[in-house]
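Quick setup: one chain, the form predicted on its own, written in C-alpha cells, and binding and motion questions come after.
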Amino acid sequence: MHLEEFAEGSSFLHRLDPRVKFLAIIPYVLVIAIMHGQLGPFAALLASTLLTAVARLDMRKLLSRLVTVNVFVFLLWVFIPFSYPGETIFQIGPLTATREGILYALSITLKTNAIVLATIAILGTSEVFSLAHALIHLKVPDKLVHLFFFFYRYMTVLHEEYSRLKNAMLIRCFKAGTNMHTYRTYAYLVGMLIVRSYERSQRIYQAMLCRGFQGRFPVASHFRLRKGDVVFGLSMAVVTVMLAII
C-alpha cells in the first residue's frame, strides 16, 4: 500500500513550497464546494485537469483513484434524480426523475472530481514529511499535526498487518460465506488488528521517549520561498477569485 505514489516526480508542482500549496488549495476547494449550477464546477474541473497536466501524473494511477471516487458518486445518481423535486424527465415504474435532480447530481459529480484532481495534483505531489512540516510553519496545533502525521505514516503499517492476518486465514483454507463462522472470523480479525495496533503504538511511544521526544518534532531544515512559489500562489488566487465570480 503506497500512499505517496504521486509524490515521486520532478514537475513544477513537485518542487513547490508546501506552505504555498496549503494556502492555495484551501480557498480553491472551499469555493468549488459552495458553487451552484454546472458552469462554475465545469470550469473548476478544467482548471483541476490543467493542474494534473502540469504535475505530469501517472494517468493510470490517477484514473484508478477517480474510478474509486466515482463509485460513490454513482450512488448519488441512483437516488438524487428520483428524490429531488422539479420538472419530470422520465419515469421508471413509481420512480420519477426530475430535470433539477439530474442537474444537481451533475453539479456534485463535477465538483467532486475537480476537488479530487486538485488535491492530488497540489498536495499529492509532496511527501507527508513536507506537508507536516508546512503545517507546523502555518501554526496548526501540534496535536493535529501529530495526528495527521501518524495516521498517514502508520496506515500502511496497519494495512500490512491486515494482509498478514488475511494470508494466515487463507493458508488455513478459510472461505468467506454468509454464515456465523465467517462473521466470527472477521470479528477475530478486527479484534486482532485493534490489539496489535495498540501494542505497536505503545512500542512506538516508548521508542520516541527513549529518543528524547517532548511533545514536538525538532525541525532541522526550513523552507525557502522562491519566485515560482509566489507566481503559483498568485495564479491560484486569481483562478479562485474567477471561479467565485462565475
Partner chain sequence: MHISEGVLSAPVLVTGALLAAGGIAVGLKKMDYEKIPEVAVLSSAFFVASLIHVPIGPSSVHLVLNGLLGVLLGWMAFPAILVALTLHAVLFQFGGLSSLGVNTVIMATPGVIAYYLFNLPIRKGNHLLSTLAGFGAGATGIALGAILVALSLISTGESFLGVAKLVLVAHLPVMVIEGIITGFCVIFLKKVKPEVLEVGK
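Fair warning: this is a prediction, and the values are worked out from it, not measured in the lab. So that the term is clear: the rigid core is the largest set of C-alpha atoms that superpose within 1.5 Å between two forms. Residue numbers count along the first chain shown, from 1.
The protein also exists as the form predicted in complex with the partner chain; that form is not presented, and the subsequent description refers to it.
- Within 4.5 Å of the partner chain in the predicted bound form, a heavy atom is found for all three of Tyr104, His159 and Glu199.
- Among heavy atoms of Ile80, some come within 4.5 Å of the partner chain in the predicted bound form.
- Heavy atoms of Arg65 reach within 4.5 Å of the partner chain in the predicted bound form, making it an interface residue.
- Contact annotation for Val128: at least one heavy atom lies within 4.5 Å of the partner chain in the predicted bound form.
- In the predicted bound form, the partner chain lies farther than 4.5 Å from every heavy atom of Glu8.
- Residues are counted as partner-facing when one of their heavy atoms sits within 4.5 Å of the partner chain in the predicted bound form; in 112-135 these are Thr112, Ile115, Val116, Thr119, Ile120, Leu123, Gly124, Val128, Leu131, in sequence order.
- Relative to the superposed rigid core, Lys175 undergoes a CA displacement of at least 2 Å between the shown form and the other one.
- Comparing the forms between the shown form and the other one on their rigid core, the Cα displacement of His137 stays under 2 Å.
- Put the two forms on the same core and the Cα of Gln91 is off by less than 2 Å between the shown form and the other one.
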